[in-house]
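As structure tokens, the next two blocks hold two forms of the same chain, structure 1 and structure 2.
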Structure 1
Amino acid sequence: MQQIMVVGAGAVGGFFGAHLAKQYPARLSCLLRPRTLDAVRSRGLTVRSATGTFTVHPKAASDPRDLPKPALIILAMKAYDLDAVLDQLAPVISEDTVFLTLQNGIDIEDRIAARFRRESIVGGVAYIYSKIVEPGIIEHYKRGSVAVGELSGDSSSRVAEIADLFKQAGIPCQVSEDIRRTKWEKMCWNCVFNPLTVVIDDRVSAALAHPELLEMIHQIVEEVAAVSARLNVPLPADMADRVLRWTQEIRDIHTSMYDDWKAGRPTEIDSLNGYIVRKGRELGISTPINLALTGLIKAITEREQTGSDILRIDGAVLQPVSLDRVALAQLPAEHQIPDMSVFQSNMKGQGIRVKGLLEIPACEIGADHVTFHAFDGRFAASLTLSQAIEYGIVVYQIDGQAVPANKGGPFRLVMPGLGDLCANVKGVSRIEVRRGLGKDTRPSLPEA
């Protein structure tokens, strides 16, 4: 396996990629996202560790066709980026390309096998505690080893070769005779401590400090093990105790989910506890604790959703709120306008009165204006609160579908009766309640 391509230079890919690049400068390249690529091109890829700091300058690109054709591809990006990465890699994959999967999640191999040959996949598990400090700079705190193995459980020369590659580069690598089980064992740990550290907003050790949580940890692992057993990967009866034992030497750490949450990145919840819930449902196994954790993690980490398809009400309110199209459709019927053509024959779609929207948050006493901001930040209209309440309607769907951008969607503010067309904000994504007039970039201010 002459050419090696590492996908991703995050906490996992950055650490292992840098070690491999140091040992095999001519053989290793990195497939990176544009932001990381810029950083690695200009400053290299740096690993800071208690045992030393080093920087490498690997070949890197954000299009795999710009890199040497890989014989081995080490997938080390987040599980939720898998499909996009596989699309991107398709042009450089041949009959004898080998994939090594280092990400969390149990269905990664199946998802690759749905696209490429199952025989091309070698299973892997990474044991490491590290963080991205900024793009291209990884801080490494603990561990830093891998386990690899054939999904079939057979021994093979390619697995031996991969293990050798890592060992020569100073990375401890174990050949697992049952890599599927090894993955499920790590899955147990992940399904316990990733969500718990987020829920308690604290280190792993804080989840060990209360007997109720220890009992909950046992229940999480039992649910995971029940699903795993039905998929023909039986785990030991004392699996939960093993998980707790492994945790002792890393008591002080947070987890990758915790770090993702704090950094505002999406979490891997759907590949971890969310996967257990989905598989459990398919197999008729009930997984109440994993279900609760999945819901809680989504509620905690996705709280501050923004984006062009989210309408946020903030400013002079006690607590900002965010609504998507589904949430808007569930607001009280008295505020809904099922058919906008009642105002004007050429208007289409379903709307919600701004009055109904502004009843959701508690407005600060004295709030008297409201500013509607377009998503692109290039247009805003400021109205008095009473104008907005009397005339404002947000059109949010047409025939049950999102309003297209060329019709001013996903959300368009209209003001039938106000007579100010310029107050019809297209692509509105933020409603800012204010005391006094706010930003207004309309070509002419409303007369009223």
Structure 2
Amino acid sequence: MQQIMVVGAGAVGGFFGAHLAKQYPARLSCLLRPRTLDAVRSRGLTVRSATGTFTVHPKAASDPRDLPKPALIILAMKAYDLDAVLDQLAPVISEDTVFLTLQNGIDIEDRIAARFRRESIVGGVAYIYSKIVEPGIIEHYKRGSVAVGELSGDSSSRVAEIADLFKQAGIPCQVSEDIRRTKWEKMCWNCVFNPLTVVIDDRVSAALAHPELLEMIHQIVEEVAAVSARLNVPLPADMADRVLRWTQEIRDIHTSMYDDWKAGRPTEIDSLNGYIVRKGRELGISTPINLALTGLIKAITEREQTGSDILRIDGAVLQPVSLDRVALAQLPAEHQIPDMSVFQSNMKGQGIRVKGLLEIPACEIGADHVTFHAFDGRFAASLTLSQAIEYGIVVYQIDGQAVPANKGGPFRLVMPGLGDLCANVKGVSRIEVRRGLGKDTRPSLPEA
């Protein structure tokens, strides 16, 4: 395997890629995102560790066609980037290319096999605690080893060669006789401590300090083990106790999910607990704790939705609220207008009264106006609170589908009954509660 390509230079790929580049400077290349590529080209790839700091300058590009054709591709990016990366790699894949998977998650190999030959895949597991300080700079704290093995469980010369590549670079590497089980064992740990450290906003040690959480840890692992058993990978009966034993020496750490959350990056929750929930449903296995953790992590970490298909209510309210079309359809029936033609004969669609929308957030004391803003910022109408409540309707769908832009959608404000003070606004994306009159692009303003 003369040429080696590492995909990604984050906490995992940056650490292992730098060590491999140090040992094999002519054989190692990195496929990187543009921002990381700029940093590595200008300053190199640096690893800071308790054992020392070093910098390498590997061949790097954001297009694999600009790098030497790889015999071995080490996938070290996040699981949610896999499909996009496989699209990128397709032009340089040959019958002889070997993939080594070092991502979290269980379905990585199956997803690769759906695109390329299953025989081209070697399974891998990374054991490391490190983090990205900034693009091209990795801080390494604990561990730093890998396990590799054939998915079939057979021994092979290529697995031995891969293991030797890592060992020669100073990276401990174990050849696993059952890499599928090895991956499921790490999955158990990941499904426990990655989400729990986010939920409690603390280190692993805090999750070990409470008897109630210890019981919860056992339940999480039992659900994971039930799914793995049905997928023909039985785990030991004492798997939860093993997870707890493995954790004692790293109890002072945060997790990769915690670090991603704090850095504002997406998490891998869908590839961890979310995968267990989806597989459990397929197999008829109940996974309530993993389901709860999946929902909690998404609620904690995912940023508020924005865009033309989101209606936001903000301003003089205690807490802003964002609603999509589905959420609007679920508001109380008393505020719904199932047929807008009863107000305007030429108008099709379903609407929601502004009165119902303004009952969702708690308005600040003294709020007396409401301004409706178009998504492109060009148009707005500012009304008294009483006018908005009495006359305002937001049209949000036609026959169960989003209102098209050429009909003023996705959200359109209409004010039937307001007469000469008509305040229709197309493409509404924001309802601003105010004290006093706000922006108004109509030729004449309504009286307060």
Ligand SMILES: Nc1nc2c(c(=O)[nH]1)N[C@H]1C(S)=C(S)[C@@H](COP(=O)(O)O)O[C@H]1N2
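Residue positions are counted from 1 along structure 1's sequence. For clarity, every value in this text was computed on a predicted model and none was experimentally measured. The term rigid core refers to the most C-alpha atoms you can superpose between the two forms while keeping them within 1.5 Å.
Q: Given structures 1 and 2, which represents the form predicted together with this ligand?
A: The chain shown as structure 1 is the form predicted together with this ligand.
Q: Under a superposition restricted to the rigid core, does H373 display a Cα displacement of 2 angstroms or more between the two structures?
A: Passes the 2 Å threshold, so yes.
Q: Tell me, please, whether between the two structures the C-alpha of V354 is shifted by 2 Å or more, with the rigid core used for superposition.
A: Yes, its C-alpha moves 2 Å or more.
Q: Superposing on the rigid core, do we see a C-alpha displacement of 2 Å or more at D201 between the two structures?
A: No, the C-alpha moves less than 2 Å.
Q: What is the magnitude, in angstrom, of the C-alpha shift at A327 between the two structures when the rigid core serves as the superposition reference?
A: For A327, the C-alpha ends up 3.2 Å from its position in the other form.
Q: Can you give the CA shift of Y391 between the two structures, in Å, with the two forms fit on their core?
A: With the cores aligned, its C-alpha sits 9.2 Å away.
Q: Once both forms sit on the same core, give the Cα displacement of I337 between the two structures in angstrom.
A: C-alpha shift for I337: 7.4 Å.
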